[in-house]
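Only one chain is given next, in structure tokens, and it is the form predicted alone.
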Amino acid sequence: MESSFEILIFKTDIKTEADKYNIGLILDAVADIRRWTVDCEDCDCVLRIETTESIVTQIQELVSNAGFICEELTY
């Protein structure tokens, strides 16, 4: 049986493939992240994360420390 997960959505300034690669090195190291994507075509450069835990603050800190803007979008 698959465990449940949460979807977190953030507005970022991750705009290029190089940016995605660099942030991927960081996000791939977080065990609680099941999957992540960045929509560089969206005006908000949306970072979408599927996670098994609520790790909003951790994600914001990691992305910000990498030099990017990261604001949670609520829906």
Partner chain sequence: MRTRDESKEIQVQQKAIELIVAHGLEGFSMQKLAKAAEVSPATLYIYYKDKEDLITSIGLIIGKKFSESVLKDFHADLPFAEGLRIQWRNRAQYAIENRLESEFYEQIRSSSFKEKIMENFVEDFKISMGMFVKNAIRRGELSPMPIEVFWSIAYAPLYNLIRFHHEGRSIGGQPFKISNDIIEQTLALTIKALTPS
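Numbering follows the first chain given and starts at 1. Worth saying up front: this structure is predicted, and the values here are computed from it rather than measured.
In what follows, reference is made to the form predicted together with its partner chain, a form of this protein that is not presented.
- The closest heavy atom approach of residue 32 to its partner chain in the predicted complex falls outside 4.5 Å.
- Residue contact check for residue 9: one or more of its heavy atoms lie within 4.5 Å of its partner chain in the predicted complex.
- In the predicted complex, its partner chain sits beyond 4.5 Å of every heavy atom of residue 26.
- Heavy atoms closer than or equal to 4.5 Å to its partner chain in the predicted complex belong, across 30-60, to the residues 35, 37, 39, 41, 42, 43, 44, 46, 48, ordered by sequence position.
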